[in-house]
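There is one chain below, alone, in structure tokens, taken in the form predicted on its own.
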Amino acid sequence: MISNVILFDAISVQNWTYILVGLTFALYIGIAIWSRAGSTKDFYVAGGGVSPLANGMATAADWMSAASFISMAGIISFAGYDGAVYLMGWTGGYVLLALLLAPYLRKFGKFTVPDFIGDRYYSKTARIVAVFCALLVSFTYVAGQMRGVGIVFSRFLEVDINTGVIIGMLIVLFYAVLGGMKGITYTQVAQYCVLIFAFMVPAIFISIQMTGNPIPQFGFGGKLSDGTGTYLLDKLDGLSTALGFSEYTEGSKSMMDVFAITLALMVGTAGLPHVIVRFFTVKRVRDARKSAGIALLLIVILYSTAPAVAVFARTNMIETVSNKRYDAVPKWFKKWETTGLIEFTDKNNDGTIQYVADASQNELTVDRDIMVLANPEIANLPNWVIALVAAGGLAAALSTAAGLLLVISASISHDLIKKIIKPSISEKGELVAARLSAVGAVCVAGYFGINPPGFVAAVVALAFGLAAASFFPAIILGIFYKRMNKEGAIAGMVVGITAMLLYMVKYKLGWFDDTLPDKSEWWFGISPEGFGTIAMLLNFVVSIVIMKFTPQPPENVQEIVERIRIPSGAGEAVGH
């Protein structure tokens, strides 16, 4: 028995990673082959016959991307209280989606969000604008996923990030192109199981290690198990202030920016095409509601654990690295240093790592995206647990990347080619076009994964802002306001997406300036991640104003609104 344990521990992290990642990849590929798509309906919406439980698990996996698994706890660990905006925005947004949109869009019964907008607003122009917005949102979002894949591969398989992105591209291409939504759905069921197990196991280990409590959510607010009676959060506050940082439990963002980011993430969630399309895969409207509820419960498991993981990782990192001799740092530090995601610059040549808030004296640079992945190594957990986190991170990134690639593929093959360019195309021809579109989308996604405009959560937050600025008003008004017409919707989407893009490229990418503008130049003190709220309000205002001065929608379109909004036998809607 003892020899087996020794052998178990003797297997290196890299070999464990090969084993666990190899097994999970084989599972994903096997599912894709078993569930390969044979029709466009299979490819776009998995044949429309997915059970609520399977769809709930797939939706949870689709929703919990690399940003949720890898980056959310990372950003909370550095931003402290301020990082909670991501937690509140993404969780609240899913509730908004489940209550306001999912049942109605399922009742509408189309394949894609541009399909809904094209038919609801009886316009090819509206469909084209929606396709453009869907592609923009999806490519921005998928860039974060591919970067997450690259980070995992670069550390655990010891290849550079670019090579890791290419490996991830090939894997997701295989099951996305072969299986379409049918293959992606059942692959995502498996990926949810992998990612949630991989996230919870180290969290439980470290919670026991630090607080003696096996439930991370309780350990997060509990006392340390060192007998001092000190609360974990009090200790982290003390460590932070000693290094010149603000207290971990205090926020520094303005109330306006917190509100703007939270709302942008919420309404952006409700406008994300790759999440919305999941509700087209079930048989009935009732099943859409059930799967939304199941997904929310499954998402809460990870989201309620992320703040605890952030605190564990931040505390352990400070204690094991700050003011330590560089020649005596733990092995994990040297391993991650080879990836370029953690760097030590000895400014005073004393051989000691100075990790402080003052940028002129600080000698340590840490990429936020490594915190969850490095957490088990920092805590000195067994090698198999470290490798398990790698497999979970890949599952999270690849599950969302596959859903996004399908949105891109469907937007091109169904909404552009089938509905506008060549309506006479055969089903077989459309399926071929969908698969070719997926190949092209993977290549573009890989490029953005290699050259992303920031860390994973920031890139993904921008995608939410773009979705909030473009889709959310058009969908909400399309469902609940019969008087809304094509002129208003098109003008609103164009103004909203343009405003968000201009703000993003100026204040996030710095394209209009030699240097990136300072925070003091932000409009109303709102960051690029939160500007989606302003762009969304512009969209609403423009849509309604233009609508007031243009003709009403045709009667048949207003009847569509009645059908999707009112349950059968409930009578007619009254008024507009």
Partner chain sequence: MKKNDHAIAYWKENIRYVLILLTIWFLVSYGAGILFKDALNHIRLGGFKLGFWFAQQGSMYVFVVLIFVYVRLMNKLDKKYGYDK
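Residue numbers count along the first chain shown, from 1. None of the values given here were measured: they were computed from a predicted structure.
Missing here is the form predicted in complex with the partner chain; even so, the following discussion is about that form.
If we take heavy atoms and a 4.5 Å cut-off, which stretch out of 81-89, 360-368, 112-120, 189-197 is in contact with the partner chain in the model of the complex? Residues of 81-89 come within 4.5 Å of the partner.
At the 4.5 Å heavy atom threshold, is G429 in contact with the partner chain in the model of the complex? Heavy-atom contact with the partner chain at 4.5 Å: absent for G429.
Would P307 show up as a contact with the partner chain in the model of the complex if we use heavy atoms at 4.5 Å? Residue-level check for P307: yes, a contact with the partner chain.
Is it the case that K506, even though its partner is missing from this view, gets within 4.5 Å of the partner chain in the model of the complex, heavy atoms only? It does not: once the partner chain is placed as it appears in the model of the complex, K506 has no heavy atom within 4.5 Å of it.
Heavy atom of V442 within 4.5 Å of the partner chain in the model of the complex: No - in the model of the complex, heavy atoms of V442 and the partner chain never come within 4.5 Å of each other.
Heavy atom of each of G212, F245 and M317 within 4.5 Å of the partner chain in the model of the complex: So, no: the whole triplet misses the partner chain.
Just to confirm, with a 4.5 Å cut-off on non-hydrogen atoms, which of Q354, N380, S225, Q217 contacts the partner chain in the model of the complex? Of the candidates Q354, N380, S225, Q217, Q217 is the one lying within 4.5 Å of the partner chain in the model of the complex.
Answer option from F344, F259, F132, Y447, heavy atom within 4.5 Å of the partner chain in the model of the complex: Contact residue from the list: F259.
Using the arrangement in the model of the complex, list in sequence order the residues of 249-277 with any heavy atom within 4.5 angstroms of the partner chain. Result: T249, E250, M255, V258, F259, T262, L263, M266.
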